[in-house]
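Just one chain follows, in the form predicted alone, and it is written as structure tokens.
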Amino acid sequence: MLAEQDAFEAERNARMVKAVYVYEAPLRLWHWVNALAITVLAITGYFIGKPLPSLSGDPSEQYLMGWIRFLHFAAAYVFAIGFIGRIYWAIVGNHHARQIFLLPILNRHWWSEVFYELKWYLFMVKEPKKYVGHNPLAQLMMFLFFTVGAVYMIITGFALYGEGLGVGSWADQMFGWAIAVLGGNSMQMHSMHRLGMWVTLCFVLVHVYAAIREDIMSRQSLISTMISGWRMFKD
């Protein structure tokens, strides 16, 4: 509890200055590589679920779906390895690197800030609050839709990947249990993985909208912060 109070006190003190170094270089690099991986995964995943029409010419000369699957698998490896690296940096990085993994759910002040931010996004209050790292509502949403969502997508995705590699492969041994939980229903796992893709895309849209909105309305940098690492307070 004392550590949480100290963190909130540090947040309040930091709001009094014009610029604070928040996101370290490894975290910023991960963010943009991860964004690219999600983009590739979403596009290729969509076409894997709804393949393109047959192409003209000799079938032996056509490998379009093969390349789409290859890009999907390659991006999945980047996404999964990057997530493991992100967990590592949450351990060795600064306080802000841990925000999307650890929620102070027992802290009443944190919850009051969550609901205040919700009212701010719903245009129910006139003045925004300043935060050095993620605001509490963003922290909660990142945990639910990215941290938990990433684990969900990795498990369901590599469970399906294990089917292609074959019984006894590393992916089958590590993630094949997920299909077994569904009674061996691979098609249901495909549907669950695809649903996860649409949920992720909806989150990405809200995430981008919120970042642009806060940059303008809250008078504090968000987009440039993920490039330079510095949070700039414009007022």
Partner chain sequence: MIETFYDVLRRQGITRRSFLKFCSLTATSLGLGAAAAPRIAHALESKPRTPVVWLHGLECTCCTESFIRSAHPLTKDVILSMLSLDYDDTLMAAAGHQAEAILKEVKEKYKGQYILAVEGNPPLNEDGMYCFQGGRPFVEKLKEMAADCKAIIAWGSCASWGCVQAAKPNPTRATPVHKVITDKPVIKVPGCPPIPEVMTAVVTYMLSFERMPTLDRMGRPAMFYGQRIHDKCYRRPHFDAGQFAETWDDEGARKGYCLYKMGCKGPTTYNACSTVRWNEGVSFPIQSGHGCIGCSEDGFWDKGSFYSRVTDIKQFGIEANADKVGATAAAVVGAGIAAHAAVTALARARNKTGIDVKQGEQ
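Residue numbers count along the first chain shown, from 1. None of the values given here were measured: they were computed from a predicted structure.
Keep in mind that the form predicted in complex with its partner chain is not shown, yet the notes after this line are about it.
In the model of the complex, L41 stays away from its partner chain, with no heavy atom inside 4.5 Å. Looking at M65, you'd find a heavy atom of it within 4.5 angstroms of its partner chain in the model of the complex.
Remark: F123 counts among the residues lining its partner chain in the model of the complex, judged by a heavy atom distance of 4.5 Å or less. M217 belongs to the set of residues with a heavy atom inside 4.5 Å of its partner chain in the model of the complex.
With its partner chain left out of view, the stretch that reaches within 4.5 Å of it through heavy atoms in the model of the complex is, among 161-169, 108-116, 76-84, 130-138, 161-169.
For the partner-free chain shown, W198, L201, C202, L205, V206, Y209, R213, I216, M217 of 197-234 come within 4.5 angstroms of its partner chain in the model of the complex, judged by any non-hydrogen atom.
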